[in-house]
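In what follows, one protein chain appears twice in different forms, each by itself as structure tokens: structure 1 and structure 2.
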Structure 1
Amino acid sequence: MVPRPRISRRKLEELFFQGLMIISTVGVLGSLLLILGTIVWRGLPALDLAMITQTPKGGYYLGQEGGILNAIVGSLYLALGGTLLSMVASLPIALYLHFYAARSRWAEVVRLALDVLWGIPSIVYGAFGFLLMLWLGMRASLLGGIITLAFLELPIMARGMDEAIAMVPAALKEASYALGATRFETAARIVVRQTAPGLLTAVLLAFGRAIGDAASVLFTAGYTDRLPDSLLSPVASLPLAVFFQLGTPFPKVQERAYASALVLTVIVLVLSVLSRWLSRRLTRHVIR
């Protein structure tokens, strides 16, 4: 009999890690499908036009008429405001780290600080925002929620932009300098256009964290059944709407909580598709 060839140790290691990767991929995809399937199965029957076009009426949390328009509008206001405010600070930080503090100890300290801030729980940002509002004499409001979410998004967006800018070829910067451009001109006119898809991805990651966060806006934005009419008025949000509706003992209201979660998921999905489309258009300016 011809002896069977023995499988080498390197082949066994390769098969082991290949199987581990397959199991991990199936686990991640399975978890995603399970979550989405549960939200769609429980939330779709309770979702109707009135729910997304009306504000809560009297007795809404007892199972009567009304909708979550206040939470939809409030979440968009909070997330968009926080994202814009955070972007104003994040892009200069990322450009500074690469063009003015490159390879310095200070740059590493800033990156470490951003990484630490990224890992801080959102409830801590909510407590900080609440203390800041007390110091400024503010009440729970749209402005307070926007400021708190801006702090929450800052490390996520700044580090994402930092990593995107780090991928720019050094030869591109040197060519810009050789043509007489200053560091600011190179950063603003060359690097920002070159890294536009990566910068957009960083913005989307931060926006997704902001629109789905409840702890940071619980004490800073408050909650109301009305649409916000100013920056100093309280505002509702979809995550808190889900939380409050799930906390009721009425099954009909609990089903509406899953419908609210479905609306939030659809908003994030639409923004993700839109960002993909914009990224493809922006890649025309990328030098490969």
Structure 2
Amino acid sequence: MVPRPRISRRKLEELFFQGLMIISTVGVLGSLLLILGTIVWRGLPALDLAMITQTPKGGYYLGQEGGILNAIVGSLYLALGGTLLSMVASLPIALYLHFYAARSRWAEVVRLALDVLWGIPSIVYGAFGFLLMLWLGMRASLLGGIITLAFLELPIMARGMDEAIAMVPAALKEASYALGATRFETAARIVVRQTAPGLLTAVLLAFGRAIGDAASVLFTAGYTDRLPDSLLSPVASLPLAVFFQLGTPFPKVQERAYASALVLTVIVLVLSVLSRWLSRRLTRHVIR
């Protein structure tokens, strides 16, 4: 008789956990793919050219003519504006953390604040933005949405930039100082160029968060079927378009909600691929 191989307890444990891990990985990746699959499968049939080239006509929400161009344009304006505004604050803060407040207590306080801000729910930003606008006497508008999104994006972008700048070798900074450059010159000319891919990644990450966020613009940007014509006019957004259309009792409109979700997903995915591609291109100019 052949002696039975003795499988020790630790071998069993190894196999058991490996099995669990493989099941988990398959399950996680599978569920994520399932989401993409569901959105494509439900959204594609209802998607046509009119959806993305027309604004809602009368009776659109009852299932008649029109499209969601108002929401697409609105979302792009909102996210673009919010991102630009947030960038104006994030980049200086991130540079400040490394050039003027490096390794200080204050830098830790700022980072802590950014972490806390990161964790604040977007609906709270929405409520805050709403209150700000009340005090300023503004109505729900593109500008209100942009300001609120800028707050929401600030911690995401600033932390991302902070991490990107942290990668810069100290030697590069020192080389610049040694040439007599001031801290500002080093930061603005050398380090920003050196870290461009990382900074860009942070910006696009924040943009993606902004374009997909519904809760913060709910209070502050309003919703309208028309294209925005000024910063002070209300503006539609894709996430809300999805939400409102799904909430109607008409199957035809609900299908358009799926199609809108597909449009939103495609925008975000294109953005993500673009960010990868851009950061790879920019990396060519980086000294290692």
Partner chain sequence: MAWRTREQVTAVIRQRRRRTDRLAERLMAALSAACVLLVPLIAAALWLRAWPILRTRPLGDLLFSTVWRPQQGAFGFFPFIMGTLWVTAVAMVLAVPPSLLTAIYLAEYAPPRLRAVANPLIDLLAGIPSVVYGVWGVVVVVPLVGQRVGPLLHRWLGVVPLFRQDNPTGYSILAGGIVLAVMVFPIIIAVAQDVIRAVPQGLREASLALGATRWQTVRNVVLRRAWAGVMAAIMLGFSRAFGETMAVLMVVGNIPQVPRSILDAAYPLTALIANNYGEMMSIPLYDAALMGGALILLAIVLVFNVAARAVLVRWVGS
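What we label the rigid core is the largest C-alpha set whose atoms superpose within 1.5 Å from one form to the other. It should be emphasised that the depicted structure is a prediction, and the values quoted were computed from it without experimental measurement. Sequence positions of structure 1, starting at 1, serve as the residue numbers.
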item: Matching structure (the form predicted alone), either 1 or 2; value: 1
item: Rigid-core frame, C-alpha of residue 29, shift of 2 angstroms or more between structures 1 and 2; value: yes
item: Rigid-core-fitted C-alpha displacement of residue 13 between structures 1 and 2 (angstrom); value: 7.9
